[in-house]
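This document opens with one chain alone, in structure tokens, the form predicted on its own.
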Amino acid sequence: MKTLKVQIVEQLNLQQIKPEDIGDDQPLFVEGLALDSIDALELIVLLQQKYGIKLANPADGPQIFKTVRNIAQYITDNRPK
């Protein structure tokens, strides 16, 4: 998950946040990192560019992007073989 955290910090240009400061189960939106809808689009781009995963149903985004652990699990479950 460390690599994923580094990618999130870089993709979202979170200059004031270090990857190690992001908890695996810390909420990414609203409370926690307080990301917004633009950040969600950037996370979708990250999944496509780094992992070859296209989000099948955008309505699933809020659950997928809830925490780093959720994103990591989604990547594990959906990464092309």
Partner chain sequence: MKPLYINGLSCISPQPTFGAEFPFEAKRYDSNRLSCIEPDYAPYIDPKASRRMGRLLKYGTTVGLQALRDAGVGSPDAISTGTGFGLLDDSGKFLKNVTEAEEGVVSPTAFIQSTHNTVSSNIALTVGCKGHNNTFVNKGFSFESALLDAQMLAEENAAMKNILVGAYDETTDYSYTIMKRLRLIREQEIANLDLLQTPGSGTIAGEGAAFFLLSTEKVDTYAILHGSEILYKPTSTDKVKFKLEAFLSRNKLVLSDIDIVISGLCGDAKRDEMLGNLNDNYFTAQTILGYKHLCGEYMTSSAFALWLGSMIAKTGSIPAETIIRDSHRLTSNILIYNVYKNDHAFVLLSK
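All of these numbers come straight from a predicted model, not from anything done at the bench. Residue numbers count along the first chain shown, from 1.
The discussion below concerns the form predicted together with its partner chain, not included here.
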May I ask you to check whether residue 26 falls inside a 4.5 Å heavy atom distance of its partner chain in the model of the complex? no
May I ask you to check whether residue 38 falls inside a 4.5 Å heavy atom distance of its partner chain in the model of the complex? yes
Close approach of residue 15 to its partner chain in the model of the complex, 4.5 Å, heavy atom: yes
Suppose contact means a heavy atom within 4.5 Å; in the model of the complex, does that hold for all of 59, 72 and 76 with its partner chain? no
Residues of stretch 59-81 in contact with its partner chain in the model of the complex (4.5 Å, non-hydrogen atom): none
